[in-house]
Every structure is written in structure tokens, then in C-alpha cells.
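The form predicted on its own is given below as one chain in C-alpha cells.
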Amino acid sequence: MILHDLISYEVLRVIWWGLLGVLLIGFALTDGFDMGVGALLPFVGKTDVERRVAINTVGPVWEGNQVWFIVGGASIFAAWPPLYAVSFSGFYLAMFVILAALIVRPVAFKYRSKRDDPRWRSSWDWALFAGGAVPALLFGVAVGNVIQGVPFYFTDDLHTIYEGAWYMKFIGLLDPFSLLAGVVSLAMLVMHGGAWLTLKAEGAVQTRARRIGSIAALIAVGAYVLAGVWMAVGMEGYRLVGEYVTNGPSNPLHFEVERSASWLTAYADRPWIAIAPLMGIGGGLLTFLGLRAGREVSTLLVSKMAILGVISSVGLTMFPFIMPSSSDPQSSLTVWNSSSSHLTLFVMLVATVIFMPLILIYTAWVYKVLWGKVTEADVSDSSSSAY
């Protein structure tokens, strides 16, 4: 028996669908509070020292946290090549804006404190704000577009065609539902950033972070519920029809797809997935209460629970779809028709089983070493502060 036959092609596809979700959630849980702190920076820090306190809470860890994003992109490329090709081609203008913001962020971290000029530092502080707020917003906008369906289709030779002018690949993304999804994403990460600053900072920075973070928590929950109602009553979903093969070759045109009454019919078929939106709503409300009460560790944990619930609810609701097509439903990408080969998925899984625990152990050790609050005295001591 060939080694990779130990795990069926169907099971490997589901495993890598789950691992993709794990990587995206891991990015949101870790780099999410980095982006949240960046978005909060001009508002929680009224003086240079206060802003340096906020920056130094994420300064030592943001680079490691961003690795989740890089690994997630690499995993899409290796495990889901059609998804990588379609998403990075259709969203390339939005991706360019996101990458530009993410590139500005490390430059701002490194250059902000090189000069004492207040205008110099203020400019880089707003760059850090953009580096946090813009990706947080656009990631949600992208998810909103995926939920509605992306205007692409495949020709008979599997060449991808996008409808609309080139500039519509960005402007066209900014429809009302996608902007609402962007608000959910941005508010959720601002909430997470507020929870992180509550844990890591003290004094005025902590107080402002608690106040703004609690407001963001309510906005995130309200916008998330509104998006769910919108999906239930104002948006069609997608479903596979007829017989389809779950362990066959990756060819979207071999599947028959049609628009359905609602995405939320998934909850009638698989009632257990309701745990995800309940975690999202409950976690957001508990974060609000925790921030208002001044709790620290537990508030960060329930903030993570909210993010886990919100992101997983999207994947579980859409399963097995990962990028439906609004132009030609038959061209929609699913878990069953857009993966790499059986052998590729197996080899990648073996590598993941070996290296992922090592990465998690190292990450846990880093956070243990860096545990504790950042104070104004710390940032005033050049030997204790790099930012």
C-alpha cells in the first residue's frame, strides 16, 4: 500500500480545510491584537510616553504573530491552488492595499523613535494606525464578498475570467454587506486590542483602552447579528445538487451548483454548528462586561473566544464552499474540487504534524518570557524599551 493511502483523499481535504481555518484564526488571535493596538494608538495615547507604552506592548511579538498570515498564504498556495489563483487575481488591488499597510507597519515600528521631533513621531503613529485599521477593515470586506459570491467563472480550459472593469476589482468590493462585514472585523480586532492593552498596560492607557474596547465589542456584536439577519432574509446561498464525488480530481466544472434560499439552511442540516455564532456573540458580550469590570486575563480569553466563533461560523456555514461564484455558480470552488493532489496534501500534513507543535511551543515560551505589564518607567529606560 502506498503510504499516502493511509488517509483518504476526502479526509485529507477536510483536514486541510480545517487547518486553513486554524491558520486564519491563529492570525486573527495573535496579529489581531497587534492590529487592534495600532488602530487604537492615536486614541489611547495622548502623550509620547503613553503611545510608547502601547507600542511596546506589541513591539516584541508582532513579527512572530504575522508569521501566521504568511503561513496561511503559503498554505492556500500549496493546498488550494485554484483558490489562491482566483482570490489573489480577483482581490489583487485590495491585497495590494493590505500589503502596503502591513509593510508600513514595520517601517513605523523601526523609524518612529529615531528622532525626537513630535511631528515625525506623530506621522509614524498615524502610519501604525493605518497599518492596523486598514487590513482589519479590508479582511472583513473580503470575507463579505466571498459570502455573497465573487464575479468570476472558468472557461472550458479552466482559464479564470472576472467580470467588470479592472477598477471594479476594488470599488466593486465595497458594497453595503461587505462594508458591514468590514465593520465586524475592524470592531472585533479593536475590541481584541483593547483587551490586550488592558492586560499589558496600566494607568491612562489601560483606562482608555477599556472604554474604547468595550464600545467596539458592542459594535462588533451588533454588526455581526445584523449581518446574520441580512444573510437569513436578504441574501441567497449556494448548494451542491445531484451526485458529486468528494475524492475525485480537482475540477470545478465537474460539479453542479445552484443558488439556494439562504446560507443559513446549513444550520438545519447541521444544527451543531450553531455553537460558532453563539461563541461569537457570547464572547463579544463577555468581553464587553470584562472590559467594563476591569478584568484582564479572562477578558483577553473571551475576546479570543469571540474571534474564534465569528471566523469559524463563516467557514462552517459555507462548507463545503470556499469561494462561490456569483457569475456562474458551477464555477464555484469547494473543498472537493479545488485542492492539490492526494500526495501533496499528505506530505504537507506530515510536515505540519512535525513542525506545528515546535512553533506553538516556541511561541508559548516567548509569551511566557515577555509576560508582565509595560509601564511608563519601562519605556523611559532605553535598556528596557526598543520603541
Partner chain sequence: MEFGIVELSRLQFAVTAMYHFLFVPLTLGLSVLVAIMETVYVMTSRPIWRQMTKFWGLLFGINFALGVATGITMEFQFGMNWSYYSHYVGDIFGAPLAMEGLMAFFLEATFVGLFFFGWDKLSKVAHLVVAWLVAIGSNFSALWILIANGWMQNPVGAEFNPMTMRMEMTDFFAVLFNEVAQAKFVHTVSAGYVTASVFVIGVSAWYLLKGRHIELARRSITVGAAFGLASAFSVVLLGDESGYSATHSQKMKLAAIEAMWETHDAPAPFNLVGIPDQEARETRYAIEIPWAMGLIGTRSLTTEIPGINDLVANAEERIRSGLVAYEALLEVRENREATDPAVTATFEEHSADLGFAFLLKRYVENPLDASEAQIVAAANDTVPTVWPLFWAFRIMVGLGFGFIATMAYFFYRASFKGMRFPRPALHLAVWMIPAPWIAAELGWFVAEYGRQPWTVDGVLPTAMSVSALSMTEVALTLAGFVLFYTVLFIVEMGLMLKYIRKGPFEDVEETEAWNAHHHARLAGRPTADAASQSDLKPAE
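This one's a predicted model, so the numbers in the text were calculated from it and none came from an experiment. Positions refer to the first chain, counted from 1.
If you look for the form predicted in complex with the partner chain, you will not find it shown, but the lines that follow are about it.
Distance criterion of 4.5 Å from any heavy atom to the partner chain in the model of the complex singles out V71 from the list L218, L173, V71, I281. Checking V297, A100, A274, A293 against the partner chain in the model of the complex, a heavy atom within 4.5 Å turns up for just one residue: A100.
Taken together, the three residues G64, S75 and I359 all come within 4.5 Å of the partner chain in the model of the complex, as judged by their closest heavy atom. The partner chain is not drawn, but in the model of the complex it has a heavy atom within 4.5 Å of H159. Proximity of L343 to the partner chain in the model of the complex: non-hydrogen atoms within 4.5 Å are present. Using a 4.5 angstroms threshold between heavy atoms, V107 counts as touching the partner chain in the model of the complex.
Using a 4.5 angstroms threshold between heavy atoms, W126 stays clear of the partner chain in the model of the complex.
From the list 308-316, 144-152, 186-194, 81-89, the contact stretch for the partner chain in the model of the complex under a 4.5 Å heavy atom rule is 81-89. Contacts between 342-375 and the partner chain, taken as any heavy atom within 4.5 Å in the model of the complex, involve L343, T344, V347, M348, A351, T352, F355, M356, I359, Y362, T363, W365, V366, V369, L370.
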